[in-house]
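The chain below stands alone and is given as structure tokens, in the form predicted alone.
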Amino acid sequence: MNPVVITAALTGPIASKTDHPGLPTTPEEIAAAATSAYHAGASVAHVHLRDGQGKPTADLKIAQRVLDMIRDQSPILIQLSTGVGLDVPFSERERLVQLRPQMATLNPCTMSFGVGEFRNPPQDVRRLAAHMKELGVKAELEIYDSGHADFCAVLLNEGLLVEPLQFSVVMGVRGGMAATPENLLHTLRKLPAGAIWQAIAIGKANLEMTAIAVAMGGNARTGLEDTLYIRKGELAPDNAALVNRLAEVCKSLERPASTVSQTQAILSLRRDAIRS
């Protein structure tokens, strides 16, 4: 049996309640969404934070409250986004790892992102990688183009990353690689031996590309950050519905969703990540 790590991307930095009235933005809503995603089959919650106006924030008090509420409600593993939002300065984003979540994103490169710019200057990325290593926070390397994998190799050679490396291959963002099987295959060939990977497909390709990833032996992510729709023209009821759909795909391919304990081992997380 080769179980699949299913990650639930609950909120993201782009969509609002205008786009989907069920998008979780308050700490209470995010924690409840993580809990329902856990019961639907997710073992990891990918967490973005919002302030009182629903805008992306790196406020440490809000972050701590969200983390505490999630931990109080279920044993789901927490992956905190340091991407936060395009308008949040890197200096604020990087402070989030001080809260020592089990995992946090490490975005290696600056890129165009839709109509904006996602700034990740090389020396700032190096500083954040070193701090994450010091704190024992597992880096989830989000690569939006195949060349981003090359810079991750540089960070590894500089001793700033801990193997096995954990990659998220993000497809479908305007400014990054398109969501196609060809792009996924090309990028996977550039990953170092022994790397763990998952596919993330934004928008209408979410289901087909995550299904392909599962069939290829990888892990997969879904949730309202990645797609607001359960099928063409129909909004997803919530994050749990998208997770359940992906879990059924995994089951049909005879790769069941991994448990929290299995995910802790697969991703080589620190032992205090598991409570029950």
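Fair warning: this is a prediction, and the values are worked out from it, not measured in the lab. All residue numbers refer to positions in the sequence shown, first residue = 1.
Omitted here: the form predicted together with (5S)-5-amino-3-OXO-hexanoic acid. The next part is about that form.
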query	finding
In the predicted bound form, Val84 touching (5S)-5-amino-3-OXO-hexanoic acid (heavy atom, 4.5 Å)	yes
(5S)-5-amino-3-OXO-hexanoic acid contact at Phe151 in the predicted bound form, heavy atom, 4.5 Å	no
Distance check, Pro24 to (5S)-5-amino-3-OXO-hexanoic acid in the predicted bound form, heavy atom within 4.5 Å	no
Phe113: touches (5S)-5-amino-3-OXO-hexanoic acid in the predicted bound form, heavy atom cutoff 4.5 angstroms	yes
Contact assignment for (5S)-5-amino-3-OXO-hexanoic acid in the predicted bound form, among Thr187, Asn107, Gln102, Ser168, heavy atom within 4.5 Å	Asn107
Answer range among 58-66, 206-214, 239-247, 42-50 for contact with (5S)-5-amino-3-OXO-hexanoic acid, defined in the predicted bound form as heavy atoms within 4.5 Å	42-50
Residues in 220-252 close to (5S)-5-amino-3-OXO-hexanoic acid in the predicted bound form, defined by a heavy atom within 4.5 Å, in order	Glu225
